[in-house]
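Only one chain is given next, in structure tokens, and it is the form predicted alone.
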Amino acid sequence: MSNSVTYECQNDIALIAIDNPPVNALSQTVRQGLLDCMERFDKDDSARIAIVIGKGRLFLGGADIAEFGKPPLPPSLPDVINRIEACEKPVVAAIHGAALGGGLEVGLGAHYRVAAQGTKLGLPEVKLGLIPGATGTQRIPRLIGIDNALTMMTTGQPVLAEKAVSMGLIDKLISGSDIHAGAVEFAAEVLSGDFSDEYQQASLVRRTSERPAPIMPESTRQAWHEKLSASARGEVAAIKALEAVALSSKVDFHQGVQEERRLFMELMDTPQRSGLIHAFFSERKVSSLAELEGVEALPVASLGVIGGGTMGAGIATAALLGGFHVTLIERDQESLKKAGSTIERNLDGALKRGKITEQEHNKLLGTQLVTETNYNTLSEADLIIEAVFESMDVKKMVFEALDAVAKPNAIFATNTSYLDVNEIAAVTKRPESVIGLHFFSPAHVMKLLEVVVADKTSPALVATAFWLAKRLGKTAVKAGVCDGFIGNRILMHYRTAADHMVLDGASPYQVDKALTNYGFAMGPYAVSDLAGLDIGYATRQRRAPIAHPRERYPIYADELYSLGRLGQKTGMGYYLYPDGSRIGVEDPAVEAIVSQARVEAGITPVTFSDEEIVRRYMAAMINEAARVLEEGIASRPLDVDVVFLYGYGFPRWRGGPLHTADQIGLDKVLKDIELFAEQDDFFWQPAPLLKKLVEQGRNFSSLNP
């Protein structure tokens, strides 16, 4: 019998305990151990009921990621689960901490389920491009109904045990911290007949597979299909989950399981699964940096934030939610009042979403937040984050003032999106204490944090930044100093490609539609409206003195700015936003402005297919990403991928731009760039690293550790 799964019997109860730290993953040894224990339980005349329980901090954490991409080893998880259910004596799953994916499916195979308060139960396979593949799609609708089952499977979001009881997923909620004692007490209830329901047999065994499946009307299936098609943007796993659940109401259990397995294996071979698996592992590797091994983070308990605009207020909100005491500085009382209102609205949203309690909400606003106009109040802050206007002169003034009031070991951080962190650090007497922390707006919601390491930034500061990101619930990516760092530098390049296509004949609306159909959360022109067209205008003005004579300029964008069309905040930009709507409406006036810009530039418009729009956009993105890698601005291709997955709405199921490049084939990407260069050999210059990889027959993945 496996050492990962143990068996002992006391007072008629067999205790089958899983101990496979850190998360009790369903490795081959655990699967075999469960199978062996079920055989032993059936033959053990002294055992009348069994409890399956996990040791450590949770029940079962799902598949063993060490087995991903390898040939499956017997026994299969469906075989183990079916064997649990086939037992002639009752089996109770005692769940605590979490039961996710295959872990929950094991629980579904048991005849009874109890769970500790606060336990999370979920089927997150859709996040890896899969569906539950161990009988879950056929069992869970029989327990909780069609809509609840589809919600769990297609979102991948877990439910708490308290809700799971009302849904019918859990039979009893165990109060207190001792799941073992609670499960033993429940087992005694089952044996004594004190617990029963309509599905219980004389043998006390209740098999989920023997319950009637709920009927799914065609209208329900169609409504779910429309909903999932609209939200998935090309991702197929959720649609396959719908197919599997629909089958549960049409065929018997065993046929449904066979079809589930067929659909599961079909998804295993899709590029989408490959992309999602790449994203999954990249997120875990991105914070693993060789240069930080053995480097301790500096202690940080109190934060200062300078600037209370949308970004500064968002950073302050994130810090409050992360448990920090925050002092926010603004230039006058009116600005402070506005910043305080923004933070309060942000926290109100967190309260409505259940992220914090009302008591926590009041504490954060009452005792953990201080708003001031005097820099001297930052004299004891451990970390001070500057989030003022994106102007080098303004930022230098702030850092010079901080240098005079902050304590000697304080950390200085700038939230600049583009500017040179070395130049900012140079105005202080402590450049080794300066780092870039590029938050993304809204800062209390967006998960990405670019950690910009200047020439003199100490390793301890970098370690502290990664620690801070984790504390704030964010994913940190190390970046070097250049104009725009990783994300915005690459963004400038592919956005330029989009502007060129619009100048040459494409509509801004066609570009946006082609890219959202490809899977992006938003197209570039809808993004401009969200950020504000004044942001793009300021960037163009800042770069104008260093612009090359051959650069092509989007004069239509300046015209929109001059007309006061700044995007959502003014009700019009590239799109119209009637009555404060967040959903843009196409505007013929914009088409006329673009058309006039072509006339002034002497351009005869041409037609672009949606496929060519995507090819050009992606080629520009990949090409500049290769330069960012070659220059060391990004350390690894996976860093670029994580930046775009978390900060730029890149379709997660495609794995990121450089994973996508590998899927396309770098030789094909290079051929596209060379083809486009026939029309514009200034913009379309192949990155040396891209050419080198093609010559060597390698891909970007080969550059990851």
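In case it trips you up, residue 1 is the first one in the sequence shown, and so on. Computed from a prediction, not measured in an experiment: that's the story for all the values here.
The same protein has a further form, the form predicted in complex with a small molecule, not shown here; the description that follows concerns it.
Which pick from Tyr375, Tyr509, Phe264, Tyr561 sits with a heavy atom within 4.5 Å of the small molecule in the predicted complex?
Checking each option against the small molecule in the predicted complex, the one that comes within 4.5 Å is Tyr375.
Consider the chain as shown here, without its partner, and state which of Glu260, Glu330, Asp529, Glu105 has a heavy atom within 4.5 Å of the small molecule in the predicted complex.
The residue in contact is Glu330.
Have a look at 69-77, 501-509, 519-527, 410-418 and name the one stretch with heavy atoms inside 4.5 Å of the small molecule in the predicted complex.
Correct option: 410-418.
His96 within 4.5 Å of the small molecule in the predicted complex, heavy atoms:
No.
Determine whether any heavy atom of Leu365 comes within 4.5 Å of a heavy atom of the small molecule in the predicted complex, and answer yes or no.
So Leu365 does not count as contacting the small molecule.
Answer for Glu390 alone: is it within 4.5 Å of the small molecule in the predicted complex, judged on heavy atom distances?
Contact check for Glu390: yes, within 4.5 Å of the small molecule in the predicted complex.
Considering non-hydrogen atoms and a 4.5 Å limit, does the small molecule approach Gly156 in the predicted complex?
Gly156 lies outside the contact set for the small molecule.
Judged by heavy atoms and a 4.5 Å cut-off, are Ile306, Val398 and Phe439 together in contact with the small molecule in the predicted complex?
Spot residues vs the small molecule: full contact, yes.
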